[in-house]
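Starting off, we have a lone chain in the form predicted on its own, written out as C-alpha cells.
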C-alpha cells in the first residue's frame, strides 16, 4: 500500500493547492466581464493572485481545509477497508506536512488533535463497477460555503413555489439571494431535485464532480442550469457580495426519485476555491493519469 499512500498524498496536496483548469478559466473569464476599476474586478484579481501564490508555493489555497470527501470508483472485490485506512494515513501525513491545515475538531469538546482524522473525517464514498479501473476523486469543501447550503420542501407557500420545475427555479434562486455574497462567492451550485433529506444533499454534492463547461444530458435540467446561471448573474450580488456580474460560476443539477409525500430541493454551494481533483490509479496504486 506504499504506492497508494504516496498517490493519495499527492492527490491531497494538489487538490489543496491547485485550482482545476476549468475553474481557473471560469474565474479569468469572469474577470474579463467585470467593469474596470470596480470592487468586483478588484475582488477577482485578489482571487486570481491567491490562486497563483498557492500553486507556486504548494500551500493550501484557503485557510479552511474543508470537509475531506473521497469518491472512489473501484472494481468488484476491491479492498475498501485497506483503502480507507490508507486514506486516513495520507490525511494525517498531509496535515503534518502542511498540505492541509489543522481544521477538524471534536464536535463535543471542540478540541483539535491536529490530524484532520476523526469520526466522519475523511469521508469515503465507494462505488463498485465491473471495470478494472480504479478512479479516486477528492473534494475539499470549506465550511463557509457549506453554511449557505439550503434544503427546501415543496410546495413552499412563502415563495409561491409549487412542485414543478418553476417551483424548483424559485427556491434555487432564493438560496442564491439568501447567500448574498456569503460563502466566498462567486460560487458554484450543486442541486438535487428529489430524494430524501440525506440523499438529496449527497447527490447535490456529487454534482461538484462535473466539469464546469459540461452540459446536462437531460434537456429540461440543462435549460434550468443555464437559466439559473444567467439569472443569478443578473442579480448584481457579485464576487463576495460586492456587486458585479459574477455571482455564480456554474450550476449543476440532477434529479433523484422521491416519495409522493415529499418533494425536496437540496442546494449545495461551493466557494470560488473549488478544490476538486481526481486520479486514475494503476493496480499497484501508482497514478496513471489525472482526471481534471
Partner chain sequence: MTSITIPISEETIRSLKVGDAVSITGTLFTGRDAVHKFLHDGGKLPPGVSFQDGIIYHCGPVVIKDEQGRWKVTAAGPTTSIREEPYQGAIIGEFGLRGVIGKGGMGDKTLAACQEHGCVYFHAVGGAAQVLAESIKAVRNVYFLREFGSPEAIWELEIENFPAVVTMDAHGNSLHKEIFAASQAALAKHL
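Computed from a prediction, not measured in an experiment: that's the story for all the values here. Numbering follows the first chain given and starts at 1.
What comes next is about the form predicted in complex with its partner chain, which is not displayed.
Undergrad: Out of the stretches listed (66 to 74, 257 to 265, 27 to 35, 50 to 58), which one is close to its partner chain in the predicted complex, meaning heavy atoms within 4.5 Å?
TA: Only one stretch qualifies here: 50 to 58.
Undergrad: Is residue 173 near its partner chain? Define near as a heavy atom within 4.5 Å, in the predicted complex.
TA: Answer yes; at least one heavy atom of residue 173 falls within 4.5 Å of its partner chain in the predicted complex.
Undergrad: According to a 4.5 angstroms non-hydrogen atom cut-off, is residue 184 in contact with its partner chain in the predicted complex?
TA: Residue 184: contacts its partner chain in the predicted complex.
Undergrad: Does residue 131 reach its partner chain in the predicted complex, with heavy atoms at most 4.5 Å apart?
TA: The answer is no: residue 131 has no heavy atom within 4.5 Å of its partner chain.
Undergrad: Given that its partner chain is not shown alongside this chain, does residue 169 nevertheless sit within 4.5 Å of it in the predicted complex, heavy atom to heavy atom?
TA: Yes, contact at 4.5 Å.
Undergrad: Could you work out which of 180, 153, 82, 107 is the residue within 4.5 angstroms of its partner chain in the predicted complex, going by heavy atoms?
TA: Among 180, 153, 82, 107, a heavy atom within 4.5 Å of its partner chain in the predicted complex occurs only for 180.
Undergrad: Would you kindly say which of 88, 210, 101, 163 lies with a heavy atom within 4.5 Å of its partner chain in the predicted complex?
TA: Of 88, 210, 101, 163, the residue with a heavy atom within 4.5 Å of its partner chain in the predicted complex is 101.
Undergrad: Only counting heavy atoms and a 4.5 Å limit, does any residue of 234 to 262 reach its partner chain in the predicted complex, and if so which ones?
TA: Stretch hits, in order: 234, 235, 236, 237, 240, 241, 242, 243.
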